[in-house]
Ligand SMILES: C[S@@+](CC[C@H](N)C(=O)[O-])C[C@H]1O[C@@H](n2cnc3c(N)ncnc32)[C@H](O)[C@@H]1O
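One chain follows as structure tokens, the form predicted on its own.
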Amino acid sequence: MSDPALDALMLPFAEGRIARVPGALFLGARAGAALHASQWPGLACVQGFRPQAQALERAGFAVRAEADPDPARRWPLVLALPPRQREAARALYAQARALADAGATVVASVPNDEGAKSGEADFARLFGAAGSLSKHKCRVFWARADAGGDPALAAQWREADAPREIAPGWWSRPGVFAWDRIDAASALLIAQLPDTLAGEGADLGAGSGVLAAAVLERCTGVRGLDLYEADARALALAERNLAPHAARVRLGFHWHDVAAGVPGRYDFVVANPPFHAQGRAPRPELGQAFVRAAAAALRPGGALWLVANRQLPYEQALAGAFAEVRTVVQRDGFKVVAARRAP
């Protein structure tokens, strides 16, 4: 898929404005036609979204979900593709500043329709005056890490996306889906979940554990629950949030791309599938892939409980994979579907 932000990020290097440096760091890294492993020896890529991490690995890059935890490690060049959420983006700029060596250049790129103007202004507050280019409907900007800016603000922004307790015993952080609330779709599914779910189950696209927590609190017959989530940050929160249940139920936490299928065999599955990936464009095929993954993972007679936007076309995938499909409720633009495999 086209990635204009990555294309723009590579532009200053292609034009010779900034030199490629061996052993650079790439925060929020993404694979794409503009990024060639042969041109970036020793590039360390940080990407917490599993499909993107796997694409980078296939392209020949070393990838990790979080930056090197060594507090003394510094990098000669730092590239960054910030997330859309502003607090998370500010935290990434501050992280880039903290990880850059003295005299190192930090380079970032943001699409115009995802806040390029405000992103560049935030960048300048941390780094001082920045060079910049506009291309591919994006802004790319860069500065020396030690050229200026506000160190105190950088320290404050480093904590902008830190995990925080948003309700008693429940932890979240900016940048995670619906980080400060239970989203309306999950709330509707939770209201409809029966208390008869039992045995071994899975939560596909588990996020920070909202659906899983509801299952564990309501369904006393559950013996085990596996959570599959592509966002490593969300998965870490889910493990923290569900820790009180670990003494009673076997819990598994898997950094995994559900669209590629899941390895377990289950008596039930719950899911609130994403309808887009990391961009804004609708991706109904993701939800359809979740339906197929659930069907393949369920034992004969196993049940799927799923919530989705009402207009999303999942009916054909459901009808092709399940013996019984019924719409439990439609409300506020969402639908809850219960489906069962043939015995």
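Residues carry their position along the shown sequence, with the first being 1. Source: prediction; values computed, not measured.
Beyond what is shown, the protein has a form predicted in complex with this ligand; the following relates to that form.
Look at 128 to 136, 198 to 206, 106 to 114, 76 to 84: in the predicted complex, residues with non-hydrogen atoms within 4.5 angstroms of this ligand sit in 198 to 206.
The contact with this ligand in the predicted complex, taken as any heavy atom within 4.5 Å, belongs to Leu211 out of Ala236, Leu211, Ala145, Leu99.
Checking Phe49, Trp305, Phe26, Trp40 for any heavy atom within 4.5 Å of this ligand in the predicted complex turns up a single hit: Phe49. Of the heavy atoms in Pro274, some are within 4.5 Å of this ligand in the predicted complex. The closest non-hydrogen atom of Phe177 lies within 4.5 Å of this ligand in the predicted complex. The shortest heavy atom separation between Leu225 and this ligand in the predicted complex exceeds 4.5 Å.
Shown alone here, Val258 lies within 4.5 Å of this ligand in the predicted complex, counting heavy atoms only.
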